[in-house]
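Let's start with one chain on its own, the form predicted on its own, as structure tokens.
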């Protein structure tokens, strides 16, 4: 579903990603690991079309994530490590998501409830003013409600308490069939029971890619 070929990204003279060729298949649940600066987030941003490659290419279901971005984003759910600084109220944000992505509003409320996030009393509040944990729970709820074929999570539990982490992984396990799930994580113990591949990166390269 995702294939990169000789993918390289440079920022000035700094090489963030070095000729990475990898394939992620339907049914894979992958832990993408490595130290800070290993190239994990750069790889994700290239896959999402946020960055243009310096060399090489990315294909998602055969399509280019830059030139065919709108079509591709309908197939992808993404939760970033740092929530975006959105100033819309939750009510406005939900309306925008439902209109732009065709997401069922009731499903957002359902998964928010499953994440122990009570949306209704907070609908008038700006997303920007919510706590880190509330923002993350909301973004996770949206990602699950979207029911995408490809689910990408960049340190999704960083702002969650242990109970919320358990809720997240319980929900993810119920959604994994016939999907591609990619977790950027430092907590292999959290995902060990749900992933079937472990990929390690260092200095912009994949150093190991193992089934588990």
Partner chain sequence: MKNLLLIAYLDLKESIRANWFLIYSVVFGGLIALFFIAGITESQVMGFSGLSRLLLMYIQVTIIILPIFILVTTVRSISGDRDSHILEYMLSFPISLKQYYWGKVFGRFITVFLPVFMAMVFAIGYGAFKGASIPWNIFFLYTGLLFAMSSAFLGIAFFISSSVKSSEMALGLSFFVWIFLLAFIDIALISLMLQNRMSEELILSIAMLNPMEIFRVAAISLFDPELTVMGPVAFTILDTMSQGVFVLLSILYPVIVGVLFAFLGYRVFTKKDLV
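Positions refer to the first chain, counted from 1. Note that this is a predicted model, so its numbers are computed, not measured.
Keep in mind that the form predicted together with its partner chain is missing from the display, and what follows is about it.
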Does its partner chain get within 4.5 angstroms of any non-hydrogen atom of residue 85 in the model of the complex? yes
Closest heavy atom of residue 80 to its partner chain in the model of the complex, within 4.5 Å or not? yes
Under a 4.5 Å heavy atom criterion, is residue 105 part of the interface with its partner chain in the model of the complex? no
I'd like to check something about residue 56: if you look in the model of the complex, is any of its heavy atoms closer than or equal to 4.5 Å to a heavy atom of its partner chain? no
Contact check in the model of the complex: 11, 52 and 89 versus its partner chain, with a cutoff of 4.5 Å between any heavy atoms. Do all three pass? yes
Which of these stretches, 180-188, 42-50, 26-34, 166-174, has heavy atoms within 4.5 Å of its partner chain in the model of the complex? 42-50
Give, in sequence order, every residue of 125-161 that has a heavy atom within 4.5 Å of its partner chain in the model of the complex, or say none if there are no such residues. 139, 142, 146
